[in-house]
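Just so you know, structure 1 and structure 2 below are the same protein chain in two forms, each on its own as C-alpha cells.
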Structure 1
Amino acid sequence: MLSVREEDIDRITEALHHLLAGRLPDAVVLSPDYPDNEVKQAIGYLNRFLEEYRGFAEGLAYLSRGELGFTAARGRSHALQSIKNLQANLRHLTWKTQRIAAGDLTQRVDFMGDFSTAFNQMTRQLQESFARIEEQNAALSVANEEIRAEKEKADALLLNVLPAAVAQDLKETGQTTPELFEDVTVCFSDMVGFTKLCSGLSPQRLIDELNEIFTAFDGIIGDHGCERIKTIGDAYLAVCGMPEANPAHAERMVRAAVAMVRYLEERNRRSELHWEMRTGVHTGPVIGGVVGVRKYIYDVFGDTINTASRMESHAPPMRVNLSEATYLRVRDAFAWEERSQVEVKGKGQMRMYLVV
C-alpha cells in the first residue's frame, strides 16, 4: 500500500504555488532514504519539468530583453525547442539586418512566415528606393557638372569685364562699393587716323584687326601686372595699382605702354595694313567701381583719366608721352626726352616727357 506523507504533498504544492505566483521554485529534494516508489518517480518528473521550465523562462527573459547570445537550455519539450528556434531565427535576422546595414540589399529571409513577407518587402523596397536614389544622384551629378561648366563660363565672362578682385567681391557679396585709389597710373592709347582707315576696310576686317591688336595688348597688360579697363572704339584704357595696390605701378604701366608700341611696330613690319597709335600715361588718384546692374562694367573716373587722355592726344604717333607726375616716379628707369611745355585744354601749361 502506497503511503504519502503530508509534508511531501505540501512541498509539491509549495513548488507549484511558487510557479503559478511567478517565481522559479527550487527542485523538490527528497531524503536519500526515500522509498523508491511512485511518489519518488512523480517528484522526479516534477523536478525535470521545473528544470526545463527554468530554462524556458530564463531563455524567454533573455529574448524579451533582445539578448541573443545566451546558451539555450537543451531539452525535448516543445517550449525549449521553440526558444532555441526563436533564438536561432532572431540571430539569423540580426545577421541579415547587419548585412543590409552594410549595403547588401539583396538579402532575403525565407520560411519565417509573416516576418519573411514583411522583411522581404522591406528589403525589396529599400533596394528599389536605393536604385532610384542612385539614378537621381547620377542625374544630379550630370546636372552638377553642367552647372559647374556653365559657372566656369560665367566666371570667365565676368573676368573679361571686371578685374579679378572686383569679380570675386561681386560673387561673394553680390555687390561692390566704389573706391578711391590714391595712387594709380593710367595709360590711354588711341589709333592714329582710325576714321580714315575705317573707310577703306570692311566692317569684318576692321573688327578682326582691332580684335587681334587689342587681344595682344590684353596679353601685354596682363603680363605686366596691369589691368585693362575698357576699349572704346579704337581707344584702349588700362591702369596699374588698382584695384590691388602695387608700389611699382608707374614703372609697370610705362613698360607695358612701351611694349604695346613695340608690338605694333613689329606687327606693322609683317602686315600689309599699318597702324599707328598715340599713348599717354599719367599718375594720380582714381575712383573705381562697377557701373550698371544687369550689365556690369568696371569703370574708372576722375581727373587722372582726363589727364591721361590729354597726354595721349599730345603724344606723337608711336611714342609714349608721360605726364610730369608719372615721369617723377620712373625717371631713373628709362631714357627720356623732355618736351617743351605744352598748353593743355582745361589744364594750362604742362610738362611732358617722351620715353626714348
Structure 2
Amino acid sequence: MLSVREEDIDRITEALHHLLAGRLPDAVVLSPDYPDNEVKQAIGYLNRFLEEYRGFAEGLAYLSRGELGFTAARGRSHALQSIKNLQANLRHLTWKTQRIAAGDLTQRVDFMGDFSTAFNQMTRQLQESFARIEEQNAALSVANEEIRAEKEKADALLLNVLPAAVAQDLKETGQTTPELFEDVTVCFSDMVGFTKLCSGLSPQRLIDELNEIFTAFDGIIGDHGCERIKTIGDAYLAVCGMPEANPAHAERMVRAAVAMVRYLEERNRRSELHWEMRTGVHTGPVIGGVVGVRKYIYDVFGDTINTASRMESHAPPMRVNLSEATYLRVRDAFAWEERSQVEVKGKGQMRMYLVV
C-alpha cells in the first residue's frame, strides 16, 4: 500500500491554500531521496501547474499595465496560449493604431471580434470626418481667396478716392482727423471751351475722352510725388506737400503741371479732337479732411485753393500760370515770363508768372 508522509500532505495543502487565496505559492519541494512513486508524480504535476499559473498571472499583470514587450512563459496550458495570443493581438493592434496616427486611415483589424468591428467603425468615421474637413478646408481656401481679392479691390478703390495715409487711417481706426497743412502747392486746371465741345460729342465719347486724359494726368501726378484730390466735370485739382510733407512740393507740382500740358499737346497731334487747358498754381496753407460718413470724399479747403482757381482762370490756354508765392519758391528752376499785374476778384492786384 502507498504511504504518504504527513509533511508532504501539509506542503500540498499549503500550496493549494495559497492558490485559492489568490497568492502565488512556491513549488512543493521534496527531499532528494524521495521515492519515485505516484505521490512524487502528482507533486510534479502540481509544480508544473503552479509554474504555468505563475506565468499566466505575470502575463496578466504586464497586460494590465499596458506593457506588451514581456516574454510570455512557456507552457502548453490553454490559459498561457490565450495570454500569448492576446499579447500578439494587442501588439499588432498597437502597430495598426500607430499607422492610423501617422495618417493611414485605411487600416482595419479582423482578429478581435466585436472589438474589431468597433475599431473599424471608428477608423471609417475618422476617414469620413477627415474627408469632410478636407472639403471644408478647400471651400474655405476658395472663400479666403475671394475675400482677399475683394479686399484688394476695396483697398484699390479706397486709394482711388483718398490719399494713401488717409485711407490707412480709415482702415485702421475707422476715422481720420481734419488737418492744417501749412505749406502746400495747389494745381487747378480746367478745359477751354468745354461746354462747346460737349455739345458736339455723345455722352460715351465725352466720358471716354475725359477718362483717357485724366488717367494720364493721374499717372503724371503720381510720378512727380503729387496727389490728385478730385475732378469736378472738366476741372482737375491736385496738390503736393500733403498729406505727406515734401520740401520740394512747389517744384514738383510745377513740373507735373508742365508735363500735363505737354501730354495734351502731344495728344492733340495724334487725335482728331483737340483739347486745351488752363492751369494755375499757388502755394500756401491748406486744410484737408474727409467729408461725409456714407460716401467718403477727401477734400481741401482754404484761401490757397481759391487763389489757385484764380490763377487758372487768368491763365492763357496751354500755359501754366503761377502766383508770386509759388514763383518765389521755384524761380531758379525754370525760365519765366513775368506778366503785368492783374486785377483778381477778391484779391486786388496780383503778380503772375508763366512758365516758359
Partner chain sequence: MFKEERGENLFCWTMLGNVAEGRPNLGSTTDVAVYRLMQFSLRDVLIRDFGVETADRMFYEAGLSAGQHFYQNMLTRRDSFEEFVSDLQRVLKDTRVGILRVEAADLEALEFTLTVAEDLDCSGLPVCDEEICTYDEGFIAGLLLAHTGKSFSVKEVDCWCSGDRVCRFEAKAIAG
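In this text, rigid core is short for the largest set of C-alphas that superpose within 1.5 Å between two forms. Just so we're on the same page, residue numbers count up from 1 along structure 1's sequence. All of these numbers come straight from a predicted model, not from anything done at the bench.
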Worksheet item: Given that just one of these two is the form predicted in complex with the partner chain, which number is it?
Response: 1
Worksheet item: Which of G22, A61, I133, A149 lies at the hinge where one rigid part of the chain turns against the other between structure 1 and structure 2?
Response: A149
Worksheet item: Going from one form to the other, how many degrees does the smaller rigid part rotate between structure 1 and structure 2?
Response: 9
Discussion item. When the rigid core is overlaid, by how much has the CA of Q81 moved between structure 1 and structure 2, in Å to one decimal?
Written reply: 10.2
